[in-house]
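Okay, so here's just one chain, in structure tokens, the form predicted on its own.
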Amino acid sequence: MATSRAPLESQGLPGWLQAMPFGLVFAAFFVLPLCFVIMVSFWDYNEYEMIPAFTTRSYTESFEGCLADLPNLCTMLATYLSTAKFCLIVWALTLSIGFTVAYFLAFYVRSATTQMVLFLVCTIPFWTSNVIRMISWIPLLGRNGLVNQLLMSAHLVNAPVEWLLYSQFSVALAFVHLFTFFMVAPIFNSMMRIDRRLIEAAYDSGASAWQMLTNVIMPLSKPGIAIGSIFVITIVMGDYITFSVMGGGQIASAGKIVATRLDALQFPPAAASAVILLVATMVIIGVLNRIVDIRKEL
């Protein structure tokens, strides 16, 4: 049997050759455009053209005056800190909701068919566009929306609540609505891979439900938590449509800086802002990877 398998294995293509098509696609559609963005970020520019001459002008102008105004923050740093604040809030909320939903599906739903059906139900919002799902909140949260009408009918408030829409609350709510599934899916996948005998052994050893959750399930779910966190953080950091629609154009974001400069045809500053945003996102992902080595855990 071994002698008959050897010729078949020897005829197989090397691993690097099998990976070459994917590598070429990755290089052509990710690495090469990223290199162009980094290159353009170091070009000079004026009101009507880009000048292919090396300069750090786009970077220095972005943070001009930041050190001089300390302890006050310049506009750029304040915008990035505001975006990071939304990342933290959305990450905490999506993690709490996503972990709870995944835990229920993995450990309380016994039938595999029911698990898959309920998991697919979670994907139903993705059958429509993000913009439509965001707009659907406006009739509910508006000044004359359903929520304000109910509050006033119950005599809980005397006037419509203004901060329900076009505020930080509505932006965070929209993010949680849009991206919680990105946390549910990887955590659910990690939980389904947990050996149920470990849970039985924990219960047989006298562990309480809380001890089993904190000492068994949560540590073994760390890869899914880390992957879901990366999904949510990268999306929120680069998003500007949700900030514009649900914030009423009143809340700045790092992604909005790039979009504004592109609208003004200032391509080198837009490229520099994109590179800064990429570096900030990679730093956050690097911190997560230091906490959980995803490559080792998977």
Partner chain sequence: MTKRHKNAGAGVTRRNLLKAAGALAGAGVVSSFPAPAVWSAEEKVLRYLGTAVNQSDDITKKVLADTGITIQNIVATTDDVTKRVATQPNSFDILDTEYFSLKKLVPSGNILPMDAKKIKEFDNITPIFTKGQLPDGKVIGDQGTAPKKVMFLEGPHSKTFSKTETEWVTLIPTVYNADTLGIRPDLIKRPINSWAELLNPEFKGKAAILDIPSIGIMDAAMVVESMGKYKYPDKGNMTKAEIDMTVGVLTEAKKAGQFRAFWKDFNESVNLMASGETVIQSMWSPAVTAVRTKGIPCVFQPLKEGYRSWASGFCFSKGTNAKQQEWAYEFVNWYLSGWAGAYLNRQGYYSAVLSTAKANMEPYEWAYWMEGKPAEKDIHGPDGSLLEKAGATRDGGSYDDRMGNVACWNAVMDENDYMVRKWNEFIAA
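The model shown is predicted, which means the values in this text are computed figures rather than measured ones. Residue numbers count along the first chain shown, from 1.
The protein also exists as the form predicted in complex with the partner chain; that form is not presented, and the subsequent description refers to it.
- The partner chain in the predicted bound form is approached by L165, whose closest heavy atom lies within 4.5 angstroms of it.
- Although the partner is absent from this view, T79 contacts the partner chain in the predicted bound form, with a non-hydrogen atom inside 4.5 angstroms.
- Though the partner is left out of this view, I257 does reach within 4.5 Å of the partner chain in the predicted bound form, counting heavy atoms only.
- Using a 4.5 angstroms limit between non-hydrogen atoms, R143 touches the partner chain in the predicted bound form.
- Proximity to the partner chain in the predicted bound form, taken as a non-hydrogen atom within 4.5 angstroms, holds for one residue of I51, A27, A264, M39, which is A264.
- Shown without its partner, the chain has Y45, E47, Y48, R57 in segment 28-58 as residues with a non-hydrogen atom within 4.5 angstroms of the partner chain in the predicted bound form.
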